[in-house]
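One chain comes next, on its own, written as structure tokens: the form predicted alone.
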């Protein structure tokens, strides 16, 4: 057989394969289109009831009752729409949609799926519990924080945040660190979940600040600052002086700036010195402006001529935030020459653009 004949046979085979593939694709799209059309026709009678339930306009409960009684084969097609709507609504509408899921046995099904060998099923179960937001399901989700699959741990943490039971906070913090050579729950996911649980997690945060795990201490410091957990301030002040990890110290400084107070300002001021890292010095200078204590002005003005020009500018900005006294000192420095004068003038120029100098000393 010649080479030409072999090439002709090969081209023919390839052509037939392409025709066959196209036929399969067209057939699949046709079948999918027919299935979608059947689904739309099947769900059409219930669409208005579902919209009434999701919009909170089912005042008589008729729509909820109707949807709770639909047959299982219809529910299987309607369920994805209910899940999507539940991610977008809150309040009474969310409660009604959650009740609809319960009425069709979805919570029971999810409970069984928690022990499935499939990571996808376990994650779906945790996700459903997070949507339903029933406090009694939190203990069922907690074991998944140590699941062998990272995605399951991720979904479980977020779901516990949605459920919002404060007693889960300790378990989430324990899941952050490395365990058995496996990376734990991502810190930002843990922090997000904790912030959803309210002020009742304060004891867990204080315990976490004393943890031997750096990642746990860092998350607790971040959450304490963002959530303004003032009860953690005394422990944060101590940690600012005893912590060895640079990232944790920066997070503690940010938290103290947000919590505010004269004692916090005194602690922050001690860590603006040249012996500290540039990041920590800058963070503490910014935090002093957040606290807003006039007693910090001497420390901040002393930083205006620092060799770290970014630090000098941040110190000047903090003096503006402190108010009239700080602005007056900056204006005095700005009238002179030198690096400190440049920093002062830069901060005053920006403050003027922001409208922060109205009524201050030296401004008409």
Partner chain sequence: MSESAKVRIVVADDDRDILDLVVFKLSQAGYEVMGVSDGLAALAAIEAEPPRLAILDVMMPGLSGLDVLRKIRANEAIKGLDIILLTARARDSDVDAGFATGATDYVIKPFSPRELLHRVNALLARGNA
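None of the values given here were measured: they were computed from a predicted structure. Numbering follows the first chain given and starts at 1.
Beyond what is shown, the protein has a form predicted together with its partner chain; the following relates to that form.
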Tell me, out of 73, 90, 112, 117, which residue has a non-hydrogen atom within 4.5 angstroms of its partner chain in the predicted bound form. 90
Which one of 334, 320, 52, 311 is close to its partner chain in the predicted bound form, taking close to mean a heavy atom within 4.5 Å? 52
Classify residue 274 as contacting or not contacting its partner chain in the predicted bound form by the rule of any non-hydrogen atom within 4.5 angstroms, answering yes or no. no
Heavy atom of residue 325 within 4.5 Å of its partner chain in the predicted bound form: no
Interface membership of residue 85, its partner chain in the predicted bound form, 4.5 Å heavy atom rule: yes
4.5 Å heavy atom contact, residue 57 to its partner chain in the predicted bound form: yes
Residues in which of 198 to 206, 90 to 98, 117 to 125, 222 to 230 have heavy atoms within 4.5 Å of its partner chain in the predicted bound form? 90 to 98
